[in-house]
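Shown next as structure tokens: one chain only, the form predicted alone.
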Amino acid sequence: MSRIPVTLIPGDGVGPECIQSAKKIIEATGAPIDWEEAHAGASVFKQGIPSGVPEATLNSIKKTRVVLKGPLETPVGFGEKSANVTLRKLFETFGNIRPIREFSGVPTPYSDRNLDLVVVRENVEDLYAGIEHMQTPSVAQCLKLISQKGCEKIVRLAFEFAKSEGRKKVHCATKANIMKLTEGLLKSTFETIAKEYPEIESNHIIVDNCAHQLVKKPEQFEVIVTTNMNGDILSDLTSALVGGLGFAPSANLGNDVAIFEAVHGSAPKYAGKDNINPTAVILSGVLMLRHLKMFKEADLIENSILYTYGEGAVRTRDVMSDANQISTSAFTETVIAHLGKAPKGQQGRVRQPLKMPAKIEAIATVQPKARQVVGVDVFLESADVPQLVGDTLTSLAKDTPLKLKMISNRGTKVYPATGAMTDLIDHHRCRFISATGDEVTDEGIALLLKNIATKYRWCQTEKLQEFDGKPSFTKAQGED
């Protein structure tokens, strides 16, 4: 086999120790990898590079297309976005694969239940788009962006991953009962695509019930696909079922680049003490080897890890008491010594190469046959009571083609009054609709905003549109 270049990012805190452990074990299998060391994270932030990722690292990744990295610190008070998130977004690694499985010899409340499941988390959109605004001095907004393209890619990845590992069941976890358009888009996309995989059982589950069921009966799950924020939370929960973040590897997969990393942080207080558990980074390396189709080498390492823990005598600080723990380096050498040994009572999966979903080239993936603007929501700042705001806006709209329908405050209709006992804030969503039934034009909206601005500060507008005759907006609590 020809040698394969891989970008190696040691990371911050305990990262270099964990990466060195994984690298040494991978090399012990004879895997034909050429490491190209690069840097990101805290040391780069301190150089004055706001992204935390220097050009040299970006160039290395563009060349190798495969990264094994340690945890990166996100400094507080300087720098910009997380370097981890920057890498995921720049290289469109849209799918985050986070598997967990039970380790014999690592006691947990769920021992002997044969846990073996995977969370497939959408990795680049949702609230993690990071689009936030202070709309008034006391009200913050974060935009939850969910795209049809993003949903299709992550759902297909979940089913393809299930196929590659011989899994027979995929759950889609959403909050579509409340966020009917955003989370609902993932649910409807899942239900459509599931029909293409009739050999795999598909189920939708409300995400809070999913969390409940993961604690109550986690062995019922095989693959869970979900949105970015939900996936972040659920996957941390699942890692706790098998011993914690020290046992939680992950793969960030895209059509062009794959980044493999542990889920845990940089734990700077343990840096240099040679007592950190490198298992999560080692298993991230196992995911990387499978991505590179080195299944034999991957199985050697995974079986050695399972055998090492199954023997019960060799465990790191997070598993054993201070008197019985062994060092990171000693754990590494033990895993190497156990290469070729099979764990007792734990069967490995027969894995096939993962087929990544085809790249969707189209920018606009949904083309409605008809569309119409039927109104506009105007968000404005005011400390006036809703009755005064409503009466004033009704007057201001008289010479425009729109009329005020209602005002909501924190999602609840407060004008016309409904009797709701809403604890008011200075952020009002004011819904205007066409006064004549005709389509609302940009000129009409501009005139309305001009009039509103004579009395109030407006901070945002949102057109109310119908696509193919269906409203593309939700109603406030209490709105008819």
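Residues carry their position along the shown sequence, with the first being 1. Since we're looking at a predicted model, the values are computed, not measured.
One more form of this protein, predicted in complex with a small molecule, exists but is not displayed; see below.
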Problem set entry | Heavy atom of residue 69 within 4.5 Å of the small molecule in the model of the complex | yes
Exercise. Any of the heavy atoms of residue 105 lying within 4.5 Å of the small molecule in the model of the complex?
Worked result: no
Exercise. Though only this chain appears here, would residue 290 touch the small molecule in the model of the complex if you measure heavy atom gaps against 4.5 Å?
Worked result: no
For this session: Answer with yes or no whether residue 153 is in contact with the small molecule in the model of the complex, where contact means some heavy atom within 4.5 Å.
Result: no
Seminar exercise, completed: Note: the small molecule not shown here; in the model of the complex, the stretch from 219-227, 255-263, 331-339, 364-372 having heavy atoms within 4.5 Å of it is 255-263
For this session: Select from the listed residues 205, 267, 234, 185 the one whose heavy atoms reach within 4.5 Å of the small molecule in the model of the complex.
Result: 267
For this session: Quick one: from 405, 171, 317, 175, grab the residue that has a heavy atom within 4.5 Å of the small molecule in the model of the complex.
Result: 317
